[in-house]
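Shown below, as structure tokens, is a lone chain in the form predicted alone; questions about how it binds or moves come after it.
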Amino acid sequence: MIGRWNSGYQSLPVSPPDGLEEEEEEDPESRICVPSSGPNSLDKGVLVKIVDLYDFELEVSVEDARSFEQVKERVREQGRLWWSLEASKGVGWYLQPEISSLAPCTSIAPDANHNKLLVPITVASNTSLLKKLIRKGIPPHIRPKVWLVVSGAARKRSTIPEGYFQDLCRAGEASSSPAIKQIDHDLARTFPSHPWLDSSEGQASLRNVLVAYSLRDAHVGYCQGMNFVAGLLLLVMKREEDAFWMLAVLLENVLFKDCYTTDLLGSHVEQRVFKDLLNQKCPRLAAHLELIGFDISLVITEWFLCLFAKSLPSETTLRVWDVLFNEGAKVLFRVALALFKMKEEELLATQQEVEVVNILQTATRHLYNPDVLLKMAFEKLGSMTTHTIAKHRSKQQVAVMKELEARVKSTML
């Protein structure tokens, strides 16, 4: 369990229904003070210190601070909306596994007239509603519960004997595998600006999650990038075992296979698929980046291995993860494409790789408003089906495997 936790949220001005814990009142003195007037020349160059919704300490511009306050208000609005739906649809209506967008159609009813299996109208309706709600953001106080169900992590955990995670943790105490040595090396480098993750208690919890998974799946073991994913999962889930199962469902069910293995096979495939999609969705930009010799992997590798956790502000990252856990890995392509699309005109003016990297790093660092990013990702890029992505993966996987085999052969000569 995480010992300290202060979300920084104000309690909402409505009473939650039974089954939802009301959030603690935010200390008025802990809120940042941002001038209420519009942007002016005096604001430029002025930095203010804030603590974001997950206790990350930041130094941001006045404009970014205002944006952050607007995001906090929208989070409160979403909380009120989810609570009102609980009042009308019942407590925990969103915790039905069959209404997840990733769930197989196991809750079905026979149609006597056509002898076909049809998804009940109520299930289909709730699936559609939940999808829309999740794209608008899951309130942080119920995010852990929703993630566990829609991702399939709760179902995965239910098939394993009780005490499994604790047994893995105990086994890790007596192990000194290469994976565990690398985990120990990376603990202090995982979100060092976060007060809890940078503490001995936080690093011990992060170590438990990562070591347990390295023992669960020796084929994966540990790969750099997993530490940032697991660290942010801990901040959200608050319990080590819950974070462990979210990591397990991510690597085993949500993401493309073999993204974190030693040869990074899956990661190489996903990068090539992204390049195909960039050619389709932004052909002019793709052609320009090809012309200046920009290597997509310079940004995509970190984005995809860390699932944007090192690049985007925490709440923006978690809004992406909200949708990722409900809709699957295609979300990563949409978000990555949106980031390129949002900066397309600036990127078209670049002449060197370093300019491209700087533009994208600056853009992601200041994306405190998740709605801007997700609107571009889901409303401005057109169709991008799971079937289309699967076809690209099949093609690119063959090419990547041939290259890896050729590389192995060359090292043996």
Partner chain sequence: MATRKRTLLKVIILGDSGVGKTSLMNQFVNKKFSNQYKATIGADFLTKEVQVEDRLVTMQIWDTAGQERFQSLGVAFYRGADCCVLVYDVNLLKSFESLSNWRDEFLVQASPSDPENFPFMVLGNKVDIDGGNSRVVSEKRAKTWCASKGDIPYFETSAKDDLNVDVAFQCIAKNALKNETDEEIYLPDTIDFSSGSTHTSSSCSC
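Note that the structure is a prediction, hence the values are computed from the model and not measured. Positions refer to the first chain, counted from 1.
Below, we turn to the form predicted in complex with the partner chain, even though it does not appear here.
Colleague: Give a yes or no on whether each residue among H141, M237 and M246 has a heavy atom within 4.5 Å of the partner chain in the predicted bound form.
Modeller: No, none of the three is in contact.
Colleague: Which of Q96, N279, S175, Q182 has a heavy atom within 4.5 Å of the partner chain in the predicted bound form?
Modeller: It is Q182.
Colleague: With the partner chain left out of view, which of Q224, S199, N253, N126 would have a heavy atom within 4.5 Å of it in the predicted bound form?
Modeller: It is Q224 that has a heavy atom within 4.5 Å of the partner.
Colleague: Though only this chain appears here, would P192 touch the partner chain in the predicted bound form if you measure heavy atom gaps against 4.5 Å?
Modeller: Flag for P192 set to yes.
Colleague: Tell me, yes or no, whether T388 is in contact with the partner chain in the predicted bound form, where a contact means a heavy atom of each within 4.5 Å.
Modeller: T388: no, not in contact with the partner chain in the predicted bound form.
Colleague: May I ask you to check whether T262 falls inside a 4.5 Å heavy atom distance of the partner chain in the predicted bound form?
Modeller: Yes, contact at 4.5 Å.
Colleague: In the predicted bound form, does K310 have a heavy atom within 4.5 Å of the partner chain?
Modeller: Output for K310 is yes: heavy atoms within 4.5 Å of the partner chain.
Colleague: Tell me which stretch of 331-339, 183-191, 82-90, 142-150 has a heavy atom within 4.5 angstroms of the partner chain in the predicted bound form.
Modeller: That would be 183-191.
Colleague: Determine the residues of 305-322 with a heavy atom within 4.5 Å of the partner chain in the predicted bound form and present them in sequence order; the list may be empty.
Modeller: Stretch hits, in order: L305, C306, K310.
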